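Listed next as structure tokens is one chain, alone, in the form predicted alone.
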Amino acid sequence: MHMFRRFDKPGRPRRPSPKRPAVTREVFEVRIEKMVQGGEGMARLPDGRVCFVAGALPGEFCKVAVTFTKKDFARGHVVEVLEGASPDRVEARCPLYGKCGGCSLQHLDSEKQAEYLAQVERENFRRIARIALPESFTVHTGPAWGYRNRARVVVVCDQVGDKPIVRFGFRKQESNSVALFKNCPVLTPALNEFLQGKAREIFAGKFRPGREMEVNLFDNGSGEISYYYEGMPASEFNENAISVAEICGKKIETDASVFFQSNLALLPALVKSVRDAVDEGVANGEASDEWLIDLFSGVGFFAAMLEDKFKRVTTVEREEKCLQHAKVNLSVFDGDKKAATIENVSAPAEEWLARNVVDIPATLIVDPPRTGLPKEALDAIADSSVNRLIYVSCHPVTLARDTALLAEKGFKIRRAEAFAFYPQTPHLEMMLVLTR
């Protein structure tokens, strides 16, 4: 977190607390060595400390303002590129770049972002897991702008005379203050249109002027917008929060209060990769079509996309709202195909694994939160008869950590793919197929 140094008396700095890093406003001239996780450039200060620099690209010689410092590293941002500006540097498209808390890679050419992020993840796996990603490792990409169908915006309401004025914004970088916007270039056209029109009428009477309210928005891909805010009445929730999106010919129910992928345009690529990985495992005998186990299943998305391939399907999810949608999204089949046995379990994934013996080579998919797999889950996988694991991750660093732990239990990377679901940001999602 960026913060200013506090003083007890003029000219006498307060001694930094061990839990609160000291902050300076020093300016240094440094050479950027490489990009690291989080999209920052890495440089070294004159005293040898590593400095992570926002807005920098490898090879550039920059004037950097250091705003956050600890004993072993510092953070700062580019004030000026003095020489060697990267040929991949571009002007940011959005006027809120550097102010809004999102889209921190707008200074990097959209066509080059996947290449840079792939290099970052290759290094992460070498450094954290001590494992090289396969040469075939690739990053799937989609539209660079106008792609984001899910967002959390801040609604700001002011009063001018008798008329409420409603505006929208995002939280600023490492701050609770709001950066107001009229049109966000990464949101879908339907979301921007909703915010410029109908949303103003909806939220004008929701709260008294001078207050802020965070609202979750979801565009289902057909231009239908659902929304959710804390304290939403049940009747309004049922009418305006629940949505259905059609992905790869399958209708998926969700609602604006729970997590769902924010880039529907790229989602079919992930579905294809997961389905191909499942088919490969069943074909070569490393897994079977007897049982699909989908851990951290959310609204049952992967299970719904794969249920036609299995005799038995189990989803495990601790969030009750997600489980309710999963029960809708997983269905039996008509016609000649034998119906799959569907089981939707409300439980923490690690607890379910520890309680249930998986004694056949089931097909296992995990899609955990940013914290990765709990140790209990890793141990349960190792003790099971699962020989093939499909791991979908929203945080490559914890994925690399878990891959190292799984390697100790005999698993090796068979396939690695990444998905740039959030262009203009450093976030990358990955899919690994691990076998033993």
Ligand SMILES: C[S@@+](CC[C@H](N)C(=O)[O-])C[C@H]1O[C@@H](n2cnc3c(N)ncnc32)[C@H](O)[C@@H]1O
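Predicted, not measured: the structure shown is a model, and the values here were computed from it. Residue positions are given as counts along the sequence shown, with the first one as 1.
As for the form predicted in complex with this ligand, it is not shown, yet the points below apply to it.
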> With the partner absent here, would 52, 55 and 101 each sit within 4.5 Å of this ligand in the predicted bound form, counting heavy atoms only?
Replying inline: no
> Where does this ligand sit in the predicted bound form: which of 175-183, 91-99, 344-352, 276-284, heavy atoms within 4.5 Å?
Replying inline: 344-352
>> Just to be sure I understand the contacts: of 73, 259, 145, 207, which is the one whose heavy atoms reach within 4.5 angstroms of this ligand in the predicted bound form?
In response: 259
> Given that this ligand is left out here, which of 296, 168, 203, 237 has a heavy atom within 4.5 Å of it in the predicted bound form?
Replying inline: 296
> Is there a non-hydrogen atom of residue 369 within 4.5 angstroms of a non-hydrogen atom of this ligand in the predicted bound form?
Replying inline: yes
> How about residue 125: is it within 4.5 Å of this ligand in the predicted bound form, going by heavy atoms?
Replying inline: no
> At the 4.5 Å heavy atom threshold, is residue 319 in contact with this ligand in the predicted bound form?
Replying inline: yes
> Just to confirm, residue 227 within 4.5 Å of this ligand in the predicted bound form by heavy atoms?
Replying inline: no
